[in-house]
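First, one chain by itself in structure tokens, the form predicted alone.
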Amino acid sequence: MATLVQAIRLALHVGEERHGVTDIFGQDVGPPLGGVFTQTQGLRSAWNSPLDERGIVGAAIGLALAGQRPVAEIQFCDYAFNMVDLLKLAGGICWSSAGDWNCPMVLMTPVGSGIRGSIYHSHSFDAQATRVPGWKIVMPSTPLDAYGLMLSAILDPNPVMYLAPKALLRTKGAHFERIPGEPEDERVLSKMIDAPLGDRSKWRPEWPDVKDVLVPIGQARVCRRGKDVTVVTYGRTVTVAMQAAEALAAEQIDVEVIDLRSLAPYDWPAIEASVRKTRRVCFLNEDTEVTNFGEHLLRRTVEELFYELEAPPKLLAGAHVPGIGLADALERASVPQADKVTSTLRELARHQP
């Protein structure tokens, strides 16, 4: 069973072999490291850029406009805030040219907490990303989604931002989520595509014959069906929501969990259908709570579904603090944890209109 980061690597390999990816680049993306999280090990088109986020995005825009299909990486999203103007430029190319020009680029970056990265390696970027028109934005929570969303991003004719939750990169999916064509034995897969420690100068990967799987951008996944309360989430907090849902099942509270997978466009019909069914909803993510993407979803829910609700909708998000502390207690206090999600959903489910 592939981990999420192995799934990304497999998708990038398929992209360069079958779907026209010409350049995969960023800080430490090429040999010998192959990405700080090993996401680009062994890829033939991977190369190392200078430590210059603006240069990385600018080069990707230029390559895309020249007819190439690049995948660029910002090593940590914490360092993406200094090139938001270039993101706006890339996102506006198709619109401002009345469709005459496309910008087929993927910008991937690890996001969020969960690795004890402290204040410089724990930020989220989803709310900031959704404020830049013209981009499609995806965030997987399982290896199969990581694989399928990357392929969809590569094939899209315009810019796609691929946000990879750092806390999930080493996690695996359920048995039924296996990537078609990957070896059944995870040790075999690791031997085939994971670079060895030490000298890698003579190492070459042996890529399995994985099949194309496209996860449509803009289509949510219902992770767990329920009738009492809905939680709408994505990325790392999908796992947290599932933990809370299982805990509440013992109390006869039936939680429906929706993984958006895509923030732009997002699957409003899936949210609407669930809210109409359960009449109670919590929007959950780990970005800071002020001007949070969940606030937009909450506002739309109130505007369009007000008379369907039997409890005030909730937002559960990260604390509005400048950064996340290194100590475990500080990190846990800064972003939603299972116990807080459980109590919030319990309160929603038991609220009397």
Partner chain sequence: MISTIPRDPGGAEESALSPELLVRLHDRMLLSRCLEERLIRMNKQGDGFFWVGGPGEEALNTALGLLVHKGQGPAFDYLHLHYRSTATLLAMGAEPIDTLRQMKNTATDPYSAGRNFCNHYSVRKWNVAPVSSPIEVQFSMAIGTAIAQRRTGGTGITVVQGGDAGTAEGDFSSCLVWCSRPSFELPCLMIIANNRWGISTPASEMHAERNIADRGAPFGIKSAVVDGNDAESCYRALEKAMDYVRHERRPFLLEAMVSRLYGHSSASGANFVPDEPDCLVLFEKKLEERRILTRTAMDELRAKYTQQLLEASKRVREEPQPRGEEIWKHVFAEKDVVREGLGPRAVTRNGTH
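Positions refer to the first chain, counted from 1. All values derive from a computational prediction rather than experimental measurement.
The same protein has a further form, the form predicted in complex with its partner chain, not shown here; the description that follows concerns it.
**Student:** Could you work out which of A247, I93, A220, A273 is the residue within 4.5 angstroms of its partner chain in the predicted bound form, going by heavy atoms?
**Tutor:** Checking each option against its partner chain in the predicted bound form, the one that comes within 4.5 Å is I93.
**Student:** Considering non-hydrogen atoms and a 4.5 Å limit, which listed residue (P180, P196, P157, P269) is close to its partner chain in the predicted bound form?
**Tutor:** In short, P157.
**Student:** Tell me which stretch of 252-260, 183-191, 239-247, 81-89 has a heavy atom within 4.5 angstroms of its partner chain in the predicted bound form.
**Tutor:** One stretch meets the cut-off, namely 81-89.
**Student:** So in the predicted bound form, does any heavy atom of G114 sit within 4.5 Å of its partner chain?
**Tutor:** No, G114 sits far enough from its partner chain in the predicted bound form that none of its heavy atoms falls within 4.5 Å.
**Student:** Taking any heavy atom pair closer than or equal to 4.5 Å as contact, tell me whether Q337 reaches its partner chain in the predicted bound form.
**Tutor:** Residue-level check for Q337: no, no contact with its partner chain.
**Student:** N102: heavy atom within 4.5 Å of its partner chain in the predicted bound form?
**Tutor:** Result yes; N102 sits at the interface with its partner chain in the predicted bound form.
**Student:** I'd like to know whether L214 contacts its partner chain in the predicted bound form, with contact meaning heavy atoms within 4.5 angstroms.
**Tutor:** Contact with its partner chain, yes.
**Student:** Could you list the residues in 108-123 that come within 4.5 Å of its partner chain in the predicted bound form, counting only heavy atoms and keeping sequence order?
**Tutor:** Residues within 4.5 Å: R116, G117, S118, I119, Y120, H121.
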